[in-house]
Ligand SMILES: C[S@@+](CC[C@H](N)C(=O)[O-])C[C@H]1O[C@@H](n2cnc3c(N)ncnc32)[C@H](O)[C@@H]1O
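Below sits a lone chain in structure tokens, taken as the form predicted on its own.
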Amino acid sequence: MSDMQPTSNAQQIAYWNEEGGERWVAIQARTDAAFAEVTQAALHSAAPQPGETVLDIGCGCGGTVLDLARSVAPAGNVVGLDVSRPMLALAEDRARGVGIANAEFILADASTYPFETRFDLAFSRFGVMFFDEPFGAFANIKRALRPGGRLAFLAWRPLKENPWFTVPLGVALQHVPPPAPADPRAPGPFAFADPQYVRDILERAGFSAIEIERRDPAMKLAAPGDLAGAASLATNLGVVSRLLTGQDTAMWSAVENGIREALKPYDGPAGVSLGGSVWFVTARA
């Protein structure tokens, strides 16, 4: 793993190298399962080809790196980049564990890393909404792409359109006060909820052929009957986990127990599932 490069996203980096990153490491397998449907659809549309060089931005614990590396093998390779040291350490272990030799990992901020212009595809699964300066960040990503190179990423649509966030959040807000109102475009999961804002960013960064498509995947939190596992995942992921940061274990337990009750109507033969809603964004350098 290469060392961290200079960055401006200090607050996000602190979070993902402390409890945020450790929490995602602990729930990696369950998170990959929850994101499986939308991830496979996004990878299919991004269409990585054998022999291509791919950049995976905000690769986290490495699940998408492994998928991309298999798609571009044997002659292609993948660079997984993230600001979280604990998540990248797990990603490297996973790659070694399954014999993936055509992937490397860099601990760095994509908004400032001095990329070589060598990538055919830049891909991200929910990793690009956290930039302090998104216009500059995407201009930097564009410099990493060869002329005609492709950009493909997933970003969440508005919070209110994502029951898999709102149902657990509603429970949490019965126990803790809501956060102070924030700029809806501030770095965070829903910073790219407005498609026109996303289009403006990409156009200013120099991208063309921009397409923004709505997708509404099922988010499977756990297997049928596993309400405890589903509640644990919903508590430790996304907006609820950030809301509970700094709270004591009793508060975490109270919220998790409440979420377990709230998820009972969503437990069916396919598992404990809630609706999600995302933008799938593609563009050309």
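Numbering starts at 1 and runs along the sequence shown. Just so it is clear, the structure is predicted and the values come from calculations on it, not from any experiment.
Absent from the display: the form predicted in complex with the ligand. The rest refers to it.
K.L.:
Looking in the predicted complex, any heavy atom of Ala110 within 4.5 Å of the ligand?
P.N.:
Yes, Ala110 sits close enough to the ligand in the predicted complex that at least one of its heavy atoms falls within 4.5 Å.
K.L.:
Would you please decide whether Tyr266 lies within 4.5 angstroms of the ligand in the predicted complex, comparing each non-hydrogen atom pair?
P.N.:
Looking in the predicted complex, residue contacts with the ligand do not include Tyr266, since no heavy atom lies within 4.5 Å.
K.L.:
Although the partner isn't part of this model, could you tell me whether Trp164 comes within 4.5 Å of the ligand in the predicted complex, counting any heavy atom of the residue?
P.N.:
No - in the predicted complex, heavy atoms of Trp164 and the ligand never come within 4.5 Å of each other.
K.L.:
Would Val79 sit within 4.5 Å of the ligand in the predicted complex, counting heavy atoms only?
P.N.:
Output for Val79 is no: heavy atoms all beyond 4.5 Å of the ligand.
K.L.:
Is it the case that Lys142, Phe153 and Ile201 all touch the ligand in the predicted complex, with a non-hydrogen atom of each within 4.5 angstroms?
P.N.:
Per the other structure, none of Lys142, Phe153 and Ile201 touch the ligand.
K.L.:
By the heavy atom within 4.5 Å rule, which residue out of Leu121, Ala103, Met87, Ala193 makes contact with the ligand in the predicted complex?
P.N.:
Answer to the contact question: Met87.
K.L.:
Among 248 to 256, 51 to 59, 66 to 74, 226 to 234, mark the stretch whose residues have heavy atoms within 4.5 Å of the ligand in the predicted complex.
P.N.:
Within 4.5 Å of the partner lies stretch 51 to 59.
K.L.:
If you look in the predicted complex, which residues in 236 to 268 sit within 4.5 Å of the ligand (heavy atoms)?
P.N.:
Nothing in the stretch sits within 4.5 Å of the partner.
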